[in-house]
Ligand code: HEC
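What follows is one chain in structure tokens, specifically the form predicted alone.
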Amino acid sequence: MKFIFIITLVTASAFISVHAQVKPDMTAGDLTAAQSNAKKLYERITGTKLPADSPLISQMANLIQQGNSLGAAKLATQDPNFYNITVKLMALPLSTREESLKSPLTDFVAGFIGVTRDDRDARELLTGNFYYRGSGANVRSDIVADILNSNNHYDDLERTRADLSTNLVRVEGQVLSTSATTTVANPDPAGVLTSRGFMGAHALMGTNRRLVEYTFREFMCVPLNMWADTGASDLRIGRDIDRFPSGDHTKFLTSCKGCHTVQDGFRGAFAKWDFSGTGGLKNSAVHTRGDGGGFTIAADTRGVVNKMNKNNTVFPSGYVMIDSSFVNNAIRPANAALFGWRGNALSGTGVKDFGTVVSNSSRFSQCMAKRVFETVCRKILDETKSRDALIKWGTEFEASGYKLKSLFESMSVKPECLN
């Protein structure tokens, strides 16, 4: 099928189409008007075009004319291009540090598409023990060489234009490679947070602070500056952060501290994780501790990877990480209202616990609603002006069982989307 899909990058998570707007009145008018609205609704959901006299458009038009625009949207999401184009375009910017639509297909993106297609609880994206893979005559599929230690498998799926709506298969149980031919169970699986794509983007070098920053950024739509709280505890801030930048302690108290209180509080969740070009993703619980080369990992006797405590002479009195525990320092009034924490959100151990805290927050649900709105409605959501609507949409998403496909369907026919 030939189609034209023109997009202009606006932010890493949203794009605006040059297609005409769908008329806001989806429940009235003659058949011609209903067909026009059905055609535009189909284009928004699938990213492709169909002629107005297509049988599918006629079916959708009939439903719209009967006042069942949601039913029309459900027909459109049955089209493979809903997954191959629209859901994929939502997931791509979330998967890399560059947040670009030009990012490659990875296990992160495949997981996002699969969870949407299979009507799974979207919180599994941050907590589940699974991954998605495909198949094909020209698709490299060795579990170690092509999936765990390179992106060959997903590159080939993209190169061969595999239909991701049917080709992807869910595999229960994440694994890590311990040699060129052997694998072991992932000791701390957390959905796409422990995918090769996400870890490769954010755990490569550094001190694993980016993993916290980008989890908040992509799954709660909260950039670093929004969570800054200079009044929170600084007990978890590492020894590599200068408390007297340029000789000025006040600068630390009024600037640096604000971000690091939250970031360093959560950072311990990733204390045992590292990523390298050789051996790929590694966890100290299953990899031989050594110099960090090959399939070994550089960690102390407690399993904390060395990079977590590096540059320890910058401020020797700072926090020394001894395990994978974390604390939530974003619980003071301003941040508590922003994130809407639920359940046991004060502390935890490891990435799965961290993902559970994030995905159970009301902010996660609202962020998913915002991302779907910007993807399918093709316009930026002004959170300040649309705060009440965003809260309502997040609640509706939760009531659906955290089903992303349902969120796409319901969002595509909302007045805020159509106007």
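Numbers for residues come from their place in the sequence shown, where the first is 1. These numbers come from a predicted model, not from an experiment.
Keep in mind that the form predicted together with this ligand is missing from the display, and what follows is about it.
Heavy atoms of residue 206 reach within 4.5 Å of this ligand in the model of the complex, making it an interface residue. Contact check for residue 245: a heavy atom falls within 4.5 Å of this ligand in the model of the complex. Residue contact with this ligand in the model of the complex: residue 75 places no heavy atom within 4.5 Å of it. This ligand is not shown here, and in the model of the complex it never comes within 4.5 Å of any heavy atom of residue 218. Only one of 236, 210, 88, 117 comes within 4.5 Å of this ligand in the model of the complex through a heavy atom, and that residue is 210.
Checking 283, 106, 324, 263 for any heavy atom within 4.5 Å of this ligand in the model of the complex turns up a single hit: 263. This chain is displayed without this ligand, yet in the model of the complex the stretch 255-263 from 255-263, 128-136, 167-175, 148-156 comes within 4.5 Å of it by heavy atoms. Residues of 213-244 that come within 4.5 Å of this ligand in the model of the complex, judged by any heavy atom, are 213, 224, 225, 240, 241, 242 in sequence order.
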